[in-house]
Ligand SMILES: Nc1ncnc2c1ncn2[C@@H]1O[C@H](COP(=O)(O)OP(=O)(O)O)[C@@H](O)[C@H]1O
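In the form predicted on its own, a lone chain appears below as structure tokens.
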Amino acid sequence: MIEVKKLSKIYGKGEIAVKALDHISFQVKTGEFVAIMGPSGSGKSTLMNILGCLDRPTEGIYILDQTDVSKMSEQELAKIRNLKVGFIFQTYNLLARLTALRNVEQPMIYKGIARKKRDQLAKQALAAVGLDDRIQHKPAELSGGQRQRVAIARALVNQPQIILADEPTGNLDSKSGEEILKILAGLNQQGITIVMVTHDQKVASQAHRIVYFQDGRIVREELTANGGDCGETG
């Protein structure tokens, strides 16, 4: 599903240049659940932005689902994001003035789906994360765990092939965090490829494989107890 080859990202020029990623190469198989760990400033967020087609590498190649997206235009990247990628953020990124239903509908608006169909699909996505009784609640009326479920429903609604989760349990209590991890594991069992950034070793252990970053480089990888079946080659 994902292949990066000698990928680098450099911010700034000359003496003030900062190499956020330094010639990294790795693959994520179709249906795999991969956790990325490393200290702050190790390149994790930069990598996620590139994998999510929110940014482009300075050097190297990024192949997503057999398509080289490294040098695509902004318009082409936006199309790829909308069709193939779902995002889950630590801070939820929900629109405060909109209900859960309307928040989940947002990606479908950009896709041009009619209002009636959007309502139907958004309700199905919210039901899938156990929030069918909260569809008219705004974010301020929901708990942290419920807000993250809305964010997951929003990530799911366009049926992405890959979900990128950046610290999805970071702002949650342990019980809510466990519930979110169960939802992610269930989605992965349905065949969705997941790449998750986390600082929590216990959270990372729920993935099939952990990739450790330091100073913009991959320093090691390890399979977890769940890593016996890491998806198909892709």
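A residue's number is simply how far along the shown sequence it sits, counting from 1. None of these values were measured; they are calculated from a predicted model.
The following text describes the form predicted together with the ligand, which does not appear among the structures shown.
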Open item on the list: Just to be sure I understand the contacts: of T30, N171, S176, S45, which is the one whose heavy atoms reach within 4.5 angstroms of the ligand in the predicted complex?
Closed with: S45
TODO: Decide whether I218 counts as a contact residue for the ligand in the predicted complex under a heavy atom distance cut-off of 4.5 Å.
DONE: no
Open item on the list: How about V18 - does it come within 4.5 Å of the ligand in the predicted complex, if we only consider non-hydrogen atoms?
Closed with: yes
TODO: May I ask you to state whether G191 is within 4.5 Å of the ligand in the predicted complex, using heavy atom distances?
DONE: no
Task: Touches the ligand in the predicted complex: P39 (any heavy atom, 4.5 Å) - done: yes
- [ ] Heavy atoms, 4.5 Å, the ligand in the predicted complex: which of 59 to 67, 45 to 53, 22 to 30, 177 to 185 makes the cut? Say which one.
- [x] 45 to 53
